[in-house]
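Coming up are structure 1 and structure 2: the same protein chain in two forms, each one given alone as structure tokens.
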Structure 1
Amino acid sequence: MNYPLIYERSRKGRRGLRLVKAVPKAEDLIPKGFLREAPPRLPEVDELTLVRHYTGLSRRQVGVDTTFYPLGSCTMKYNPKLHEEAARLFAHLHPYQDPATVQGALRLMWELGEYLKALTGMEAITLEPAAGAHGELTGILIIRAYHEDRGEGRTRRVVLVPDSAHGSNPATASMAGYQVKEVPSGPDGEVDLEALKRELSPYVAAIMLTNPNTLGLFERRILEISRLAKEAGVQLYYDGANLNAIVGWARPGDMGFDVVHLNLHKTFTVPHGGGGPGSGPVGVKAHLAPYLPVPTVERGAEGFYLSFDRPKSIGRVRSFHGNFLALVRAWAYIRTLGLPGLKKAAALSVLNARYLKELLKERGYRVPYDGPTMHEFVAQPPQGFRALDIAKGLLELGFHPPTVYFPLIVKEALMVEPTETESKETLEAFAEAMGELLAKPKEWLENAPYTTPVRRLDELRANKTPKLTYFDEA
């Protein structure tokens, strides 16, 4: 049965609320040139219909509160409900308030920035970016501003990315106006050092790396890579998507990175998925600090304040001060665990991933880059099985599937990240389900799932001809 859209439940004249006070007419508040020619076609439903619709919709969804969610490189860990209580304490604030009236919020932002700098080895930070990819763009724009300020903006027009990089890396560099060159991985799954040396030149602006990389492997030659980059005048950019594996144990700044973006919605348990809310703070070394977005939160003799005193800034990258309630949740996570707790969480993320990797290998799955993997690993089903069919079969068995077909250097890739918050019993149950799928008839796998709210979708058509509005526009 198809689930009706909220528009299909709409009936003209029905209302779910009644305004107590008279509301001024729009034309009395907004200049005519900014007004719509016709009112928006919003659904008209009563409160009970509204509540039932969205409650029913939520029960058809899969999330970390309902099932195991081993989505590789996404760190879908449990989001403690205590953090929701902390965020609720600040829900009444407004970004236009005088800074003197929100000293607690500014202090929290300043403290969070100090914690993140300490954990990453950076010397300055912005909390503005709204998500990881937004943080990437901010970081690359900072690098661009740095090279331009040094008179090298016209010559350094290339950004190097590994062939195992997240897709947002080359996309970000391209959006910032750079030419992207791919550096291959070696047989061990790490960056091919000799290939990297051949690409380094006065024309390169930055190298974008994830460490551990998307194969779950720590780049053991990172100090050599850093040395080569610095000798060539190249900035080293750290994609923080996989920081969860090393937080508290190793710092990107100590590895030689100049810029770091963090995913608070991954490493620091801010809920995410479905488009948000994310948070992608960017930390930089001192030589890049002048180019940070404004404003930054600073502490002075009379308290905390917003500073716009950064003449070389790349400007604002986000309205107001980022996704503030996401910052509150990350602050609460760090304060709850402290450094010992953060280190334990990272260690457990690695332990869980390595345990699950061995369980899947026992059941017939291959791990082509089977080095000392960290928080995630990339597996392959046996010959004759498709990753897509395994993923759809998992939905039928009650599990969210891993990331499929990424990284691109592994055929039929199943990218698995269990996170530290899952129990041994959950990992074993997932491994049993993965083994069970290999015993299913081929026809069963190719047509799964069967009992989910929707069956197998035409994903190619959905991507090529998406319908994003309910109304057919003339």
Structure 2
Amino acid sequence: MNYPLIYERSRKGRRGLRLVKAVPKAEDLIPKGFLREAPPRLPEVDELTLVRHYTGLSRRQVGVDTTFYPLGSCTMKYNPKLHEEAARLFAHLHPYQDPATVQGALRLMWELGEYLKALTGMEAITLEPAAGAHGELTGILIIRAYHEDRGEGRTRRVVLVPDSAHGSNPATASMAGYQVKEVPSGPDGEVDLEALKRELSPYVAAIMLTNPNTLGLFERRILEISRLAKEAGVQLYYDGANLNAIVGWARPGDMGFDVVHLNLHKTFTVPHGGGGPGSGPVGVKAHLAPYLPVPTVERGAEGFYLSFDRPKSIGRVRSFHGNFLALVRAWAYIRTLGLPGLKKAAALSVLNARYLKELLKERGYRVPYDGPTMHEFVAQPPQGFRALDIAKGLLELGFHPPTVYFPLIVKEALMVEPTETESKETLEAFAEAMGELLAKPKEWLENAPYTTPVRRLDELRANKTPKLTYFDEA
């Protein structure tokens, strides 16, 4: 039986929330020409129906709260319930209140900025970007402004990204008007240094790296890379998606990176919310500080304030002051753990991934770049098995699968990131399930899952004749 759409639960004339007692007439207030002719077709449901609908939908959904969710590069760690209560404390502040009435909120932002600078080894920061990719764009625009300011804007038109990079890296470079060039990975899974050298030139604006990279490998030659970049006048960009592996242990700033974006919804426990909202602060070295977006939070004699005084700024990247309630959560996380807690969390995220890697190898999975992997690793099923079928089989066994088919340089990739908040026995149960799948009949695997709310969906149909709204004729 199909789970009903809220529109299918709707009944003409039914009312839910009523927030207004005496309703003024539209015609008395607004000339008819401005008014819509027919009301929007919104659902008409009572409050109990609303509650049942969304409660039921949530019961057709898994999350970290229900299930092990080892998505590579997504850092699906536990989101403390404390943080939800923390965010509620700041729910009712307007972005345009008098700054004297939001000193607590501004102080929190300022303090968080200081913590993040300390953890990344950066010298200035913006909390404005709303997500990782938004931070990437901000960071690359800062680099662009820097080159332009130095008169190299017209020559430096290329951004280098490794072939193992997140898709958002090349997409960001494109959005910032750059040409993207891929740098191949070496046989050890790290950036091919010789290839990189060949690409470095006065035409290159930036190199975007994730470290550890998407194979879970720390770029051991990072200091040489950053030296080469510096010599070539190239800015080094750090994609913070994988910071969880090293937070507290090593800092992008010390590695020679000029710009860092952070995903507060990965490393710093802001819940993913089914795909957002997140928060993507960007830290920079001092030479890039003049180009940060406005406003920034500053501390002055009269307290904290939003500063717009940054003449070389790239401008605004978002309205208001960023995803503030996400910042509250990250602040709470850092203050709860402190440096020792953050370092322990990072180390255990690595230990969990290494341990799970061993367990999977014992069960017949291959790890093509089997170096000293950190918080994640990329495995392959044995010959003859498809990553997709493994994923769907896992669903049937009650686990959320790893990221599949990424990074692109590994065929049938299963990119596994267990995170530090998972227990040893959860990893073992997962490995057990992964092993079990290899013993299943081929047909069983190809048709899994069986008992999920829906089974394999017709993706082709959705692509060829997408039906994108209830009223859409498809």
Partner chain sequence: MDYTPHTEEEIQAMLEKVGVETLEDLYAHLPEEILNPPIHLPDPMPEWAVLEELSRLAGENLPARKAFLGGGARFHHVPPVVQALGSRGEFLTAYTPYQPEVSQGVLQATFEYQTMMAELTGLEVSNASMYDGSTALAEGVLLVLRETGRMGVLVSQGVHPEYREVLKTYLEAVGASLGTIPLEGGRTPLVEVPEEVGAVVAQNPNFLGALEDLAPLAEAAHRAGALFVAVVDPLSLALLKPPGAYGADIAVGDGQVLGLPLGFGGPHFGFLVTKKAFVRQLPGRLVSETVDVEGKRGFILTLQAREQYIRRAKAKSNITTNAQLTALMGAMYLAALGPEGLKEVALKGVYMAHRLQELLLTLPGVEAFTPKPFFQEFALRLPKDPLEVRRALARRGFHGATPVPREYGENLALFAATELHEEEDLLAFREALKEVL
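Sequence positions of structure 1, starting at 1, serve as the residue numbers. All values reported here derive from a predicted model rather than from experimental measurement. Think of the rigid core as the biggest set of C-alphas that the two forms share within 1.5 Å after superposition.
As summarised for this chain, the second structure is the form predicted in complex with the partner chain, and the first is not.
Superposed on the core, the two forms barely differ at residue 451: its CA moves less than 2 Å between structure 1 and structure 2. The shift recorded for the CA atom of residue 465 between structure 1 and structure 2 is 4.8 Å, with superposition on the rigid core.
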